[in-house]
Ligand SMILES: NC(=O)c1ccc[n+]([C@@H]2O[C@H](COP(=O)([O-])OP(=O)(O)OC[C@H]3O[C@@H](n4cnc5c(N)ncnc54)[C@H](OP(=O)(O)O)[C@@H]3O)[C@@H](O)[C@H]2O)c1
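Next up is one chain by itself, shown in structure tokens, the form predicted alone.
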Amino acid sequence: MQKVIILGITGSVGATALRILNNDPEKFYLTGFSYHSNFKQAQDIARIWKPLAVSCTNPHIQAEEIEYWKKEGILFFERMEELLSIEYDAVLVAVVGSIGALATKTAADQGKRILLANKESLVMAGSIIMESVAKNSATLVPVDSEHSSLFRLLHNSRAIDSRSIKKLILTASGGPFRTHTPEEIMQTRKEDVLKHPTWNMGQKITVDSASMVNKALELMEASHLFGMDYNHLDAVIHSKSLVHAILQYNDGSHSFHVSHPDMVYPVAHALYYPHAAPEILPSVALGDYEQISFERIDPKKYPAFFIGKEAGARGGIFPSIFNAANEKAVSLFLEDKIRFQQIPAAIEHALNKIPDQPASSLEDFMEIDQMARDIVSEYFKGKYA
């Protein structure tokens, strides 16, 4: 039986993982989890699984919640990464934002199996985390649909000389504004931004999809996961979200990884890896797939993607600055303090404001992260919508 910790259990990825655990209770035991604000849901999960420990990532947690867990005989940790002090085999890092970096690094230091659905960990401090993964013989299995697909494509292509691979290509849905003009996007409202045409996700990642910041972050993550520089990474728009990743070979051919747009596929692959996952959803007949087509990414519609691609290519502290500035700007947008169109300018301002400097520890990157957030806050002071 695999002892699993799920960080971010009440989010969409965490909920998907829980479905899989519920489907195979003889294979998995939920030994611990973190939640953010859905205390009632956390209680229901704990009654079923009887975990050893829980944590809440909401800084405004009520004292009654902490008291409840103590009465139930369940350890409560104020810091999410402290959950990793209990016995476990694998941890699913499914929280959103740079909050996941410390937990990912902790699991890597312990030599554990990490199921990574938190791209910001590698964006913020990928060199440090991947070094720890290698040093401590940890296993890192990507869960984002695009990286899971690349992972599987590359695994299936192990017999092929890696030098024959020209590019790793991620796909993007294009979000809600794929068919809009740049002028129409300038007039967009919050409710339009939060209407993703394909995926049902949390608000922050939905905003990132609309701006295509998420695809820039995924390129940064892919660079660390697969050891590829930006000359060998790319992204295209594929509105149907059926093809999740593509290998382009030097001979001009391509390999696609195709599945119905449901996170159950990559989550199940990660949970059962290195063994095959059972059939959880019915397979889709090829004749039922819609026509597959691709589009280039328009820099006038998605300026933040190209800002992020440049930050990723620069490397060092700049991916961390990009991520933190975006997180702060998106937070202000969701609080109705700024407009969607102001997000790219805020990110670019932070990237220009912070000079290049060495960072050799997670603490260094966390300081850069906070610096970028403070710069964005100052940038918008007196300019709120």
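What you are looking at is a predicted structure, and each value in this text was computed from that prediction instead of being measured. Residue numbers run from 1 along the displayed sequence.
FYI, the form predicted in complex with the ligand isn't displayed, but the following is about it.
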Residue stretch of 173 to 181, 115 to 123, 294 to 302, 101 to 109 approaching the ligand in the model of the complex, non-hydrogen atom distance within 4.5 Å
115 to 123
Do I205 and the ligand come within 4.5 Å of each other in the model of the complex, heavy atoms counted?
yes
Just to confirm, F33 within 4.5 Å of the ligand in the model of the complex by heavy atoms?
no
Is there a non-hydrogen atom of I185 within 4.5 angstroms of a non-hydrogen atom of the ligand in the model of the complex?
no
Is the gap between S331 and the ligand in the model of the complex 4.5 Å or less for some heavy atom pair?
no
Sort through V141, M263, I307, I128 and report the residue having a heavy atom within 4.5 Å of the ligand in the model of the complex.
M263
None of A268, A94, A216, L225 but one has a heavy atom within 4.5 Å of the ligand in the model of the complex; the exception is A94
Residue by residue through 37 to 54, tell me which have a non-hydrogen atom within 4.5 angstroms of the ligand in the model of the complex.
S37, N38
